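In C-alpha cells, the next block holds one chain alone, the form predicted on its own.
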Amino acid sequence: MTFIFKSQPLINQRGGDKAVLFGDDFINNIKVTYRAKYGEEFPELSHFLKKMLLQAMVEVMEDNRVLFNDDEIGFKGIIPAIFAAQLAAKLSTKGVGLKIKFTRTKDDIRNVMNLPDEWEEMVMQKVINKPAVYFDNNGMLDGNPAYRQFTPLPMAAYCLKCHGSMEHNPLNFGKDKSQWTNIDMTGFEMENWTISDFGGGVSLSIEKSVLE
C-alpha cells in the first residue's frame, strides 16, 4: 500500500513506461519499499501463504493494466484503500483463511463494503487516541480461531485530496469558490477530515489452521 501511495503520479499519468507496476518489477519495488520503511530485509517466502499473497498482489495490478495504460483517463482511482479492497477480493477467491481490509470506525466509514466487524471496531476504539499496532493471537475469523492484527495508518497530505475539505479537492483547483464541489475524485462526499484525524488502518486476519 505504501508503494501504491508513492506511485500515484505514475499510476495516473497519461502515457509513459509503467512496467514497474507489473510482475517481477512490481514485487522488486515492493521489497525495496519494505526495506526503506522497516530497515530490514523483506521476509523470506517460507510459507505458501506468503507466496500466494505476493501472487495475488501481482494479479490485482495485472487486472488493472488496461486502466493504467488508458491515456484518456487522468485519475485512475487505484489508491491504497482500493488496492487493499481488490486484494481482499482476490484472496477471497483462492479459498484460504486470509483476509485483508482497509477500514475505519463504523460511524465514519465511507464505503459500506469496508465496514469493521466487532473485533475491528473494538480495537479501533482502543487505539484511536494513541495509534499503535494491535495484535490478538486469540481472535476469530468466520467462526474459526485466528491471528488478527490491526495497523493504524496515519493521515497524509494525499489523503486530504479525498477525505479533507473542498479546498483540498483537486477537482476545485483553478475554479471560483462558487463552483466548488464536495464530491471527491472517487465520487464520494468529502468528510472534512484534517491531518490530525484518525485515518483508520489495515486489518489482517489469518486462520490458525492455515499456519499449522
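Basically, rigid core = biggest C-alpha set you can superpose within 1.5 Å across the two forms. From 1 onward, residues are counted along the sequence shown. No experiment lies behind these values; they were computed from the predicted model shown.
Heads up, the form predicted together with a small molecule isn't pictured, but that's what we're talking about next.
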Checklist line | Location of the small molecule contact in the model of the complex, chosen stretch of 109 to 117, 138 to 146, 125 to 133, 92 to 100 [non-hydrogen atom, 4.5 Å] | finding: 109 to 117
Margin query: Quick one: 85, 104 and 158 and the small molecule in the model of the complex, is every residue within 4.5 Å by at least one heavy atom?
Written below: yes
Next item on the list: Only one of 171, 30, 56, 162 comes within 4.5 Å of the small molecule in the model of the complex by heavy atoms, so just point that one out.
Entry: 162
Check: Can you check whether residue 186 is within 4.5 Å of the small molecule in the model of the complex, heavy atom basis?
Finding: yes
Notebook entry, point to check: Hey, in the model of the complex, is residue 153 touching the small molecule, heavy atoms inside 4.5 Å?
Noted result: yes
Next item on the list: Verify the C-alpha shift of residue 195 between this form and the one not shown: is it 2 Å or more after superposing the core?
Entry: yes
